[in-house]
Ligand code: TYD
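Read the single chain below, which is given as structure tokens and is the form predicted on its own.
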């Protein structure tokens, strides 16, 4: 099974993914954890370029192509072989992030983006996408607080609140268009409460396969 996690910046994806991976491995399941952009030596180099605050002049077309270059390497080097071997793959962001951020956030043509995404991913879609729902305001506040304690504050975090609001609304459109693949989980609250919802959603889908 291929499971992706999506959500606004600061939604807590990384924390919940780590807990889910530990839970599934404790059951004896083979699980591969990865992230976007990155997840391979080549992709991690691309990630550094994309997230560097010095690259604020990056054109939106450059941005989408770099994200998809990293994604293509991850799909062909890691995700497809591990799925073929019967592993569960859990990815922190995937192609939906491009539609939300570059499509709805940047305003790039969605049909063009879907063509590029299909080429980069060879048409591979997640079986389940867990969306951690948090408002742009609350998410950015979390990111700012974490950055004060040494966490990353990157080029995308630094974009305007209006941009992040467009991303948030874009995610709503994507979920409405494909409700069978998405599960929305409120991201505010105690981490244990959030994880219980994530775990239940994932286990329900795994048991139905």
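Residue numbers count along the first chain shown, from 1. These numbers come from a predicted model, not from an experiment.
What follows is about the form predicted in complex with ligand TYD, which we do not show.
None of 93 to 101, 118 to 126, 134 to 142, 76 to 84 except one has non-hydrogen atoms within 4.5 angstroms of ligand TYD in the model of the complex; the exception is 93 to 101. Checked against ligand TYD in the model of the complex, the residues 29, 172, 61, 51 give one hit for a heavy atom within 4.5 Å, which is 51.
Of the listed positions (154, 55, 184, 45), a single one reaches within 4.5 angstroms of ligand TYD by any non-hydrogen atom in the model of the complex, namely 154. Residue contact with ligand TYD in the model of the complex: residue 37 places a heavy atom within 4.5 Å of it. Of all the residues from 57 to 72, those having a non-hydrogen atom no more than 4.5 Å from ligand TYD in the model of the complex are 67, 71.
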